[in-house]
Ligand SMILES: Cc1cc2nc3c(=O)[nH]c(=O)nc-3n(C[C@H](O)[C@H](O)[C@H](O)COP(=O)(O)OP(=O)(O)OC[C@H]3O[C@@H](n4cnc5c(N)ncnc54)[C@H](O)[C@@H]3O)c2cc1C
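Next up is one chain by itself, shown in structure tokens, the form predicted alone.
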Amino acid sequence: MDALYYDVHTSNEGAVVPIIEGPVSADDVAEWSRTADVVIIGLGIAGASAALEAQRAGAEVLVLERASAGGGASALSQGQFYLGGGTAVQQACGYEDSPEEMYRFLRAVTTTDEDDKLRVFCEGSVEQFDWLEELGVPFAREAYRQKAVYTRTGEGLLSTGNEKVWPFREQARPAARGHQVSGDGDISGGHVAMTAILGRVAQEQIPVVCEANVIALVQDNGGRVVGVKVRKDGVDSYVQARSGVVLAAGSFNLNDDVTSVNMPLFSAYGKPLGEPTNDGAGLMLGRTVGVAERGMHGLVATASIYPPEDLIKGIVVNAQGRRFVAEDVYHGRMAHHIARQPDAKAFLILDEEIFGYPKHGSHTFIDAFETVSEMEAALGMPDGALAQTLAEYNGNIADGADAEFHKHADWLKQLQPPYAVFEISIPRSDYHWMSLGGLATDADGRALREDGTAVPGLYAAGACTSHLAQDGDEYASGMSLAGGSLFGRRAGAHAAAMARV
């Protein structure tokens, strides 16, 4: 996924809680230290995209960034953008795609009720790709055609979702949509992308104030958000926003007060991804003015069993010795299903021909076994359960198909002794995760109340908002960076338009 496998990981021991105050009445603001049309909080992918679009639309923009520089978690990611519909890279690599095929797949795999946003995402995908390239974000016209979580070997396209997984491969024509930013092998794609984007922010002379911590929103008597309270160098001041404030302050991954309530399993055993500013400040600011929240239990986690890709030819079973998911699914989908097994326990069963150590996840190697009965006993499974699973699986493969879970024919192989086992349980592996829930917004980035009405003057985009994918079962790598940049642009454009009203 785009925001997983960061170069820097942060565990729950580093969890932090932001200092956020309730909304300030504009009547209590004695002096505005600065004024702009659009004030943007955060300079990751969503904030930078909003800033560029707002200024290009003619608005006076000011960005307030809490860290000492922009980039945020976006710069730490592997730099994958989930884009489709027939981008220049897809065409060069021989993949046929269209906005409608992209929509058909995402409509099939996701349960979001925000169909308008889903269509905007698909129909705007090609233009979004072109916009990124115009900024200098590089995508090589070459596809990586094996199964991988990400690549740093220069290719600009790979499959990063469940397009080839049953039943979705029958519901929409599969196409690779994971647009991988091309780096030099040592530098992550996210760093390369944000270097280009932030370079354009500087080139277009968009004002940015760093080490500026927004601790409150300012509202007028009608409830419109008209500015923010900022703490910098221990001094508080107020910045006025004539047309809108855009929250783009990142995720709440490191806020244990929020995660322990909404995702207790991964909060206890997983490793949240991000940097210290991913403390939920945007979420908390939205709460102070009544912004609704969606999908707060949703997350995508990964401790992939591949690469090497041959491991997909093995089987994954629970503590009862039964399969519960096709092994060729996207790694976030696999983690989602493992989390729902008893005690979140699962095992990867291989044989000698396909044995290898999973590259990601620090999965625990149990042992090698000459017989199924020895394996069952060592894993504490019911007598005969795993033997039945293997017999059924091998029998189905002999008939030419995985009748139970429809694993793709590319990965079908009968398993024969000697066997080998890795434990891939949630509590025993390094599952890194990021939240998918957050503030409710419409397709133009307006922050929404529980009744669906917009909070006047307030917008939100990026990781502090709810994603189109509700959980790892639905996610595809790159949806966060692509969605953050696309909807960030829309928020900036809409806020800028309000400056002209």
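Heads up: residue numbers just count along the shown sequence, starting at 1. Just so it is clear, the model here is predicted, and its values are computed rather than measured.
What comes next is about the form predicted together with this ligand, which does not appear here.
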{"property": "Touches this ligand in the predicted complex: residue 473 (any heavy atom, 4.5 Å)", "result": "no"}
{"property": "Residue contact check: residue 42 to this ligand in the predicted complex, 4.5 Å heavy atom", "result": "yes"}
{"property": "Contact label in the predicted complex: residue 267 to this ligand, heavy atom within 4.5 Å", "result": "no"}
{"property": "In the predicted complex, residue 53 touching this ligand (heavy atom, 4.5 Å)", "result": "no"}
{"property": "Contact residue in the predicted complex, chosen from 286, 72, 178, 244 - any heavy atom within 4.5 Å of this ligand", "result": "72"}
{"property": "Proximity to this ligand in the predicted complex, single hit among 213, 341, 262, 112 (heavy atom within 4.5 Å)", "result": "213"}
{"property": "Candidate stretches 344-352, 387-395, 246-254, 233-241, one within 4.5 Å of this ligand in the predicted complex by heavy atom", "result": "246-254"}
{"property": "Contacts with this ligand in the predicted complex, stretch 353-369 (heavy atom within 4.5 Å)", "result": "none"}
